[in-house]
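Only one chain is included here, represented as structure tokens and corresponding to the form predicted on its own.
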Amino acid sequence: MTRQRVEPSVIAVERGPSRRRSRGPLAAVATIVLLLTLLPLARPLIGQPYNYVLQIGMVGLMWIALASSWNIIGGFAGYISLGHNVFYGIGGYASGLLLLYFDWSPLLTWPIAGLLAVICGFLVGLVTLRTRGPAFIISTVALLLMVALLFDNWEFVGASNGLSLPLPPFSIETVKIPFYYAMLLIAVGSVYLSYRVAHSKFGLALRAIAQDETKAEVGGIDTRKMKVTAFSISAFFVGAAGAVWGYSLTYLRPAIFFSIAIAAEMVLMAIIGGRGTVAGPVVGAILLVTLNEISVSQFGSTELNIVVTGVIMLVVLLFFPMGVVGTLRERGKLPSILDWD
């Protein structure tokens, strides 16, 4: 059997338009990142709710990082993990302990927390990714429960009482700014990583696994290696976000990090925005954080707030069954600013 030869000129012609089209969305994204970078400088324009705006911005950026990171294994590879916040907690506790015992600020050590999360993700992936489908989901839930039980009874990390961290050395007027910038860097890094994965041979292999893992194996893809790698790298920015978030709270407790509700939020944000797309988790995170803040402001932190948020999410999924980005792309109505794939 002869293999058809593809001329380099043909490849250049095919790639040229797509690259030209991608410049518009990337330029818009760069503009948005620039505006977010300048936001802390807009204190005179924002006025009294300045710290509140930065806090909401930091929370939104954190969820963008979490959802985009989860999307690498849960969206591109199709393996639904409900235990990814294990790495969130590992990052938080790792940087918190470095602060307590060595006086190293988590605002500087979050890359170390991320690397530790990657190592843990590799070890966990070697075990859990031997399973598929519902068995994998159950294994990640079991992992989360075991880690939560461990930290609840581990005296070195304060057990269920948790650890109190030193207060950040910033004034009340500026205390939110370093955390905001750290989380912005982490969010941009996570989205960029997702973009690079989506536009690589590695990402193509993950999509093949998500569509039909057996056929991918027959086609020569080392599926086990690809899955473990995806699981590992998806943990980096989750651990990094946990490090910054834990320090911003100045208090670490297992309940803060190891609640299954946090994992569910990651999954929901990716699904609502468009699982398996680059822009989807970003859109989903922005939607859910915004809806939650509006709901809390109207109904307070009560069960009614949870009901309202749940109803809104259900309506979104009914009208956008493939997520906002996925459905709009399917209908040919996706704005170019969100066309990152």
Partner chain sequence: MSEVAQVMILGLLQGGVYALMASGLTLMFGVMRIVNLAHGVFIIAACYVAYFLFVGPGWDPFASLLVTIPLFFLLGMVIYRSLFPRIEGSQRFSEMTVLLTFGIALVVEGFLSYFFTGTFRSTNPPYTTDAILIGDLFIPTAQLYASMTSLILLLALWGFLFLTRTGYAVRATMQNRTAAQIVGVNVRRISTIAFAIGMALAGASGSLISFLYPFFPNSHWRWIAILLALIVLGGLGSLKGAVVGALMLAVAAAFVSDMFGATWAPITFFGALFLVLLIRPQGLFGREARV
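Positions refer to the first chain, counted from 1. None of the values given here were measured: they were computed from a predicted structure.
Another form, the form predicted together with its partner chain, is not on view; read the next lines as being about it.
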Where does its partner chain sit in the predicted complex: which of 108-116, 208-216, 244-252, 181-189, heavy atoms within 4.5 Å?
-> 208-216
Which one, Leu291, Ala28, Met313, Ile46, lies within 4.5 Å of its partner chain in the predicted complex by heavy atoms?
-> Met313
Between the options Val175, Ile256, Leu145, Leu98, which residue brings a heavy atom to within 4.5 Å of its partner chain in the predicted complex?
-> Leu145
Contact test in the predicted complex: Ala270 vs its partner chain, heavy atoms, 4.5 Å | no
4.5 Å heavy atom contact, Asn153 and its partner chain in the predicted complex | yes
Taking 4.5 angstroms as the cut-off for heavy atoms, does Val141 touch its partner chain in the predicted complex?
-> yes
Mark Leu167 yes when one of its heavy atoms lies within 4.5 Å of a heavy atom of its partner chain in the predicted complex, and no otherwise.
-> no
Within 4.5 Å of its partner chain in the predicted complex: all of Gly78, Arg130 and Val307, by heavy atom?
-> yes
